[in-house]
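The chain below stands alone and is given as structure tokens, in the form predicted on its own.
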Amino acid sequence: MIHFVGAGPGAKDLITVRGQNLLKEADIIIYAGSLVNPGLLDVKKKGCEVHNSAKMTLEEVLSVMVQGEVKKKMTVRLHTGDPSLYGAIQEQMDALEKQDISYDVCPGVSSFCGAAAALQTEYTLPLVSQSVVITRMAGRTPVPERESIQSFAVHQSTMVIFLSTGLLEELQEELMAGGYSAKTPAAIVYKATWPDEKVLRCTVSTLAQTARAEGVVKTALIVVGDVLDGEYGRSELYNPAFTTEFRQGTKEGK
């Protein structure tokens, strides 16, 4: 059996209970060594076989999985954050299905959740933004034209941008071309939830300048939107005047 496990945003105690239990039971662990905190492997059992996929191709990863199945071993494929976001797991799952190898997925806490915690902010504030766009700049891996940063920026919703720290000059231009003002609040969150986490608050027009000043060149998320700084509406859910399934609103509430 192959278990795809989300490692969480970085801190080794932010993996799910299920994910940690699977790590403890694994005979083979293949982990994304470029991003996953190696401290997560501290719970592995004696004799567990460990592979760092940062140095492997897809074919090599699949070979380890298949050989593990032949030997009736339990394999954990450990991906950073939640494996459904930029985890490249679909191609692995499809290849396993072709060989009739069973697998399942254990979700994890995504780094965009870790970034919100680091920023002590809510991405969906009443009267400010009720949507979160999770995307990335086009680099060596292209992005469909209809999903360009500029096209998403038109909506003025909260944006969380992955895998783009090395393209900040282009990113800020795209954001402003799409409609964000130069003064729109922004933040660079470096290694959210790790011991060396860094939160850099800036504006859309100073993203590149801020990253350069702090020496941040990778392993960071970019957050953009007025949720980072500004007024917002009160939640109706907890407004005394608002009737819900569980309580009756009062005339005195405002």
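Computed from a prediction, not measured in an experiment: that's the story for all the values here. We number the residues from 1 along the sequence you see.
This protein has a second form, the form predicted in complex with S-adenosyl-L-homocysteine, left out of what is shown; the following refers to that one.
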query	finding
In the model of the complex, the one of A26, A192, I30, A186 near S-adenosyl-L-homocysteine [non-hydrogen atom within 4.5 angstroms]	A192
Proximity to S-adenosyl-L-homocysteine in the model of the complex, single hit among Q172, S110, T75, T158 (heavy atom within 4.5 Å)	S110
S-adenosyl-L-homocysteine contact at L35 in the model of the complex, heavy atom, 4.5 Å	yes
Partner contact for Y86 in the model of the complex: S-adenosyl-L-homocysteine, 4.5 angstroms, heavy atom	yes
V224: touches S-adenosyl-L-homocysteine in the model of the complex, heavy atom cutoff 4.5 angstroms	no
Touches S-adenosyl-L-homocysteine in the model of the complex: F162 (any heavy atom, 4.5 Å)	yes
Segment assignment from 119-127, 76-84, 175-183, 148-156: heavy atom within 4.5 Å of S-adenosyl-L-homocysteine in the model of the complex	76-84
Those residues of 200-235 which, in the model of the complex, come within 4.5 Å of S-adenosyl-L-homocysteine by heavy atom	T219, A220, L221
